[in-house]
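Next comes just one chain, in structure tokens: the form predicted on its own.
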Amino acid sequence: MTAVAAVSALVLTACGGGDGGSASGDSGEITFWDTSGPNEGPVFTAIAQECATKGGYKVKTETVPFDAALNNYRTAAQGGQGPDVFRAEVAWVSQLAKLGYIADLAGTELANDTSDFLDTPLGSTKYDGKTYGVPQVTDSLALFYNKKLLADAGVEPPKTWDEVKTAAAKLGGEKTIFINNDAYYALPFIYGEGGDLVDADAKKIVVNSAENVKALETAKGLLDAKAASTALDPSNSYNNMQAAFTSGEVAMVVNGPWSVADYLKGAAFTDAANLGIAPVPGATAGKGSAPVGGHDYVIRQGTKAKDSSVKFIACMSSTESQVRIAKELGVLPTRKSAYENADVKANAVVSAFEPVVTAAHPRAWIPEGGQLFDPLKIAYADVLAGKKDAKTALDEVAKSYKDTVVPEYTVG
């Protein structure tokens, strides 16, 4: 979910690591595609090099823009090329496994004992009863707030969307909260109302349910009440949200732990203690719910460096590495043992997010999971812009799911 870097053009021409071969059947040279952003990438790269030195192999880290990574990987893997190790968003793993583009990890040390990993992130590594990935980081969405602005206004962090509306009278109306009009950021409204996108077990499309209509109407209602602002241009919505919050223009946003590094660079948070983190509001207090996100390490099917790739992932996902990553970046470990480390416990971001992740809403780990967002993104932006009512927009999403994403599912 993080990065929007600017390196895409070189990615495909630079791929294909590990094709050299050797007498042992392992080239000893790994190309690792890292989809993290500029704040996280240097830390992952440094640990990758240290793992390679300790493991006796070579690794080349290539930064791939998150938005282009999945398509680039599929294109490369289809031609028998691509990286040896890929940092895949959790929703991509089942899709890549179904396509045969990533390796079954059965028989490797990566699949032998996974008991130390948190159950929800671990679930994203499975497809058809087999293990195809190793959880790298987990995350969810929370309410970030400017402590000084709320304290000066005499406002407590809101627990419901109605409390956000009430707080707006003291926080400057539209300056109260910025709503990012991306599909992923619609999920706290949807899950908080008890809705979902699909029911995978029942093979039903439920994106146009009454709960979801109410959810999108709640988001639009914040704008109509002048209690929130958004960007009418969806392509710039995330950056506009970040700029508005880091400058102190708006008091609250909903975002993930990957955003903290950017916030702490902003004028409003030169004192890091001014950054508050709370669970997302809900329809009722204590019922807020946000999606589980995160990333997994996967190995390309057909790599000539599988043994080295297994060693690499084992090192990158070790408790030692996860503790270091949590300490330096404030991102959330996927190993239970990492949370027992004193330095990790003392990290304000990790400690604030730990209960958020524990209560986070699972997503449908189906091969089509990643394709559910594009139609919803358009609908959500249209609703927030006032171009369509929520029912009409969500009915169109349901039709799109039926026509192109999960045609074997029933609607409703």
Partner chain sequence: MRRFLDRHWYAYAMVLPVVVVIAVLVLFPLAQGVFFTFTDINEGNIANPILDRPATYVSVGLDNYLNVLSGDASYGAFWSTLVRTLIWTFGCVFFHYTIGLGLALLLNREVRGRAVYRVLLILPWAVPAFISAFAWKYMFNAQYGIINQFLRFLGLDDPPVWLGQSDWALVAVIIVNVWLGVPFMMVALLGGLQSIPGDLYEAAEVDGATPWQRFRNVTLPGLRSVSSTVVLLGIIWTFNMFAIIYLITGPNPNTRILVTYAFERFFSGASRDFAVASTYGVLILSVLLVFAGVYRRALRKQGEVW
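Residue numbers count along the first chain shown, from 1. Worth saying up front: this structure is predicted, and the values here are computed from it rather than measured.
Form predicted in complex with the partner chain: not shown, discussed below.
Three-residue candidate spot Trp33, Glu40 and Glu320; no residue lies within 4.5 angstroms of the partner chain in the predicted complex by any non-hydrogen atom.
None of the heavy atoms of Asp104 is located within 4.5 Å of the partner chain in the predicted complex. Although the partner is absent from this view, Glu249 contacts the partner chain in the predicted complex, with a non-hydrogen atom inside 4.5 angstroms. At the 4.5 Å threshold, heavy atoms of Lys387 reach the partner chain in the predicted complex. Taking non-hydrogen atoms only, Gly80 approaches the partner chain to within 4.5 angstroms in the predicted complex.
For the residues Leu122, Ala231, Ala338, Val260, the 4.5 Å heavy atom test against the partner chain in the predicted complex is passed only by Ala231. With the partner omitted here, the residue from Ser115, Thr270, Asn112, Asn236 that has a non-hydrogen atom within 4.5 angstroms of the partner chain in the predicted complex is Asn236.
Comparing 252 to 260, 184 to 192, 238 to 246, 135 to 143 against the partner chain in the predicted complex, the single stretch with non-hydrogen atoms within 4.5 angstroms of it is 238 to 246. Residues of 370 to 389 placing a heavy atom within 4.5 Å of the partner chain in the predicted complex, in sequence order: Gln371, Asp374, Ile378, Ala381, Asp382, Ala385, Lys387.
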